[in-house]
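Shown here is one chain on its own, the form predicted alone, set out as structure tokens.
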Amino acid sequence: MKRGLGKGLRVTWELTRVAVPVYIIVTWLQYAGVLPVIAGVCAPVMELVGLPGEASLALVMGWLLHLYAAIGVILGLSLSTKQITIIAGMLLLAHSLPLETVVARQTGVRVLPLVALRLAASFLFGILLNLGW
């Protein structure tokens, strides 16, 4: 019980340490008028997967940093259950790419095709789920 509580508190702290600052930054970007600009630029691509342009920030954070940063962004957005399912699936297929690329390179895998495959699978999943497959 004691060990489980300690581990649970450490995980909670790690999540909070990342998610809260990202949530604050996303909220600030929204009120500062920056998020709508980013959303407008990304909206045409994001429409393919059924997400608003603002969700592109969550995808980029998840792809480049880790899932906790993406969760922080997602918390700051008003997404439907379907949209959360789509973005979660996309991030499941492609997340923490820089870190995982380093690990994959050490196993002898060619990383460029691997990253391209993961990103393509992520978008294909998003498109198919958006279409109702």
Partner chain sequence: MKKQMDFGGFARELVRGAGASVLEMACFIIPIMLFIEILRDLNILPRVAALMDPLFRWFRMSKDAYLPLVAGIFFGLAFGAGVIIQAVRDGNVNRRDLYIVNTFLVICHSIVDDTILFISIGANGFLILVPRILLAFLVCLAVARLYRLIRRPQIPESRGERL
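Take the two forms, find the largest set of C-alpha atoms that superpose within 1.5 Å, and that set is the rigid core. This one's a predicted model, so the numbers in the text were calculated from it and none came from an experiment. Residue numbers count along the first chain shown, from 1.
Below, we turn to the form predicted together with the partner chain, even though it does not appear here.
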* To do: Please check if residue 67 has a heavy atom lying within 4.5 Å of any heavy atom of the partner chain in the predicted bound form.
  => yes
* Asked: With the cut-off set at 4.5 Å between non-hydrogen atoms, does residue 131 touch the partner chain in the predicted bound form?
  -> no
* **Distance check, residue 76 to the partner chain in the predicted bound form, heavy atom within 4.5 Å** => yes
* To do: Examine residue 48 and determine whether its closest non-hydrogen atom to the partner chain in the predicted bound form is within 4.5 angstroms.
  => no
* Asked: Though the partner is not shown here, which residues of 89 to 115 have a heavy atom within 4.5 Å of the partner chain in the predicted bound form?
  -> 89, 91, 92, 93, 95, 100, 103, 104, 105, 106, 107, 108, 109, 110, 114
* Asked: Can a Cα shift of no less than 2 Å be assigned to residue 116 between this form and the one not shown, given superposition on the rigid core?
  -> no
